[in-house]
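Next up: a single chain in structure tokens, the form predicted alone.
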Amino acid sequence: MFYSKSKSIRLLISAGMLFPALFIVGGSFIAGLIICGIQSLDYFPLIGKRTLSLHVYIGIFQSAVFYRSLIFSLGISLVATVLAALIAVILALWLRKYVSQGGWLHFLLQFNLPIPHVVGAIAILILFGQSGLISRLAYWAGIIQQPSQFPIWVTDQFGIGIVLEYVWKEVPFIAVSVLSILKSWTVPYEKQLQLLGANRWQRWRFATFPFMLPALLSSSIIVFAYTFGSFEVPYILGSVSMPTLPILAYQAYLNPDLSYRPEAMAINTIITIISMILIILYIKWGGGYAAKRQ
């Protein structure tokens, strides 16, 4: 491999080596955004629409179905993120006492990180469906008279199954982020506060919580952004009558009437804009707060 002592030449070589991959990935992403944005403006020559207009967005923002899906998507993402963050913080605070004594606990904490969400959604369906494993065990134990009497937790109107899958999958992600901070930063400061006479609440307030807040905040924003734009989990576990925004866009995209295609692209554009706002918040609050703490 060619090597140069000049830093600028090394950077130029590195950029040249990365360019093919960045060109394909970035080019595909930008091309998709452009096509999606243009079609969302009702420009679709295939069906004779050759003028740009905003009437698709106006129609969407006047639709009660859109607002119902938007509120449902935001509610699911918010509930799943808050529950996952709370459980992750409790788990991280408990595990930090033992993780240094054995790596197997740390391994168990993150065992489900490589498992795809689709697999998790199918597992939730098998476990918590009315014909699933738990309902059959309850029927076998005599708790319920028929499997159909088991509470509807999957494909329900409230998204309980979707929230269960997100919480199960995202708790380890947040817990690992918080635990890495607790292990490496907070212990010396907590000991100093303890020597100065601070009680447990004061150590939590002035050392533990301020140090873990950037990791908790940034990982929670990532989880919220992912759950808001996720398609596969609501597709498997969601109700047909209560679709999330990605499902609503998918239904419009699959409509045989091509005049619905701009509506699908407009919903995708709205999801993209909301996701971009979350990324900006992540950079401003997550990364910015961490930089200030350092």
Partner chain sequence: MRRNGNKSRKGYVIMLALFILFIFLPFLLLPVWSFTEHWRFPNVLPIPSLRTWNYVFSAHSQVKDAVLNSLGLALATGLLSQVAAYPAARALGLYVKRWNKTIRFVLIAPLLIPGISIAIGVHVLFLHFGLSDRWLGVLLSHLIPAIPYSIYLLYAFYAGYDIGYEKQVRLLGASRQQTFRLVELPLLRSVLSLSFLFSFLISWSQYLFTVFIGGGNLITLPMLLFSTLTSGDYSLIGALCTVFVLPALVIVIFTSIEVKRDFYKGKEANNPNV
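Only a predicted model underlies this, so the values are computations on that prediction, with no experimental measurement involved. Numbering follows the first chain given and starts at 1. Take the two forms, find the largest set of C-alpha atoms that superpose within 1.5 Å, and that set is the rigid core.
We do not show the form predicted together with its partner chain, though everything after this point is about it.
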Partner-proximal stretch of 132 to 140, 155 to 163, 202 to 210, 67 to 75 relative to its partner chain in the model of the complex, 4.5 angstroms, heavy atom = 132 to 140
According to a 4.5 angstroms non-hydrogen atom cut-off, is Ile271 in contact with its partner chain in the model of the complex?
-> yes
Could you tell me if Gln110 has a non-hydrogen atom within 4.5 Å of its partner chain in the model of the complex?
-> yes
Do Leu217 and its partner chain share at least one heavy atom pair within 4.5 Å in the model of the complex?
-> no
Given that the partner is absent here, does Pro114 sit within 4.5 Å of its partner chain in the model of the complex, heavy atoms only?
-> yes
Here the chain is shown alone; which of Leu54, Ile38, Leu258, Ile30 has a heavy atom within 4.5 Å of its partner chain in the model of the complex?
-> Ile30
Within 222 to 245, the residues having any heavy atom within 4.5 Å of its partner chain in the model of the complex are Gly229, Phe231, Glu232, Tyr235, Ile236
Core-aligned CA displacement of Ala141 at least 2 Å between the shown form and the other one | yes
